[in-house]
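What follows is one chain in structure tokens, specifically the form predicted alone.
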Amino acid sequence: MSVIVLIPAAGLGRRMGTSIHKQYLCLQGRPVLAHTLSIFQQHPCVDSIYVIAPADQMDFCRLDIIEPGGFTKVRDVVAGGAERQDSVRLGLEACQAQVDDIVLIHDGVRPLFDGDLLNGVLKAVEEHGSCVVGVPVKDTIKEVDGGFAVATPDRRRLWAAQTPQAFRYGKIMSAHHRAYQQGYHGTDDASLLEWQGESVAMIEGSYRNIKITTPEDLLIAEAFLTASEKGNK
């Protein structure tokens, strides 16, 4: 059984307000994507990595990030699709894994995932076939309609989903193919299994595992990395 990581890195960064795509922004002297790749390059259980990038950025990824960073586990850079879900499906097809292999799907702009949690993720997939990392929400969540709060879901049942999301290859490939054929679009990969009526194991991650989407996120990531360097992880 192999462990394969797919890294979708095709975000445009509209909310970042910069012409540079957010996965290439500099975070403590290195591109955000390089930080993310390092997590999986260093983990002994990971066999191979596939980066999914816009077609016109594939050479940039290889020549400016993967080769200089020494990311030897990266097997290929795959051209992404119109939407994230399309990109992941194309990455799944490109990696040609075996049915029982484990595939981890992790956002290219989540550079602060704690690799020490990966063993727990893999154990959960072996037991349940699928697993999502997440954290319980800390705020009260309101359902809003037309500018008015109309409901308050029970916070004790709400978690914020993060990545990595991990699956047996056969299970997630089948779900992506079915969603593509029926024109269904989920908000993340786990939602495709939920759409089929399947449950997905949830394990607690870290509030540090932020997705860099806005300029404020980049400042927070800088602060977390600085604190880690000072031993305040």
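The structure displayed is predicted, hence computed values, not measured ones. Just count from 1 along the sequence shown to find any residue number.
Another form, the form predicted in complex with a small molecule, is not on view; read the next lines as being about it.
Contact check for R84: a non-hydrogen atom falls within 4.5 Å of the small molecule in the model of the complex. At the 4.5 Å threshold, heavy atoms of T187 reach the small molecule in the model of the complex.
The shortest heavy atom separation between S130 and the small molecule in the model of the complex exceeds 4.5 Å. For the chain shown alone, R89 is not a contact residue for the small molecule in the model of the complex, no non-hydrogen atom being within 4.5 angstroms. Here the chain stands alone, but in the model of the complex its contact with the small molecule, taken as any heavy atom within 4.5 Å, falls in 104-112 among 91-99, 147-155, 104-112, 117-125.
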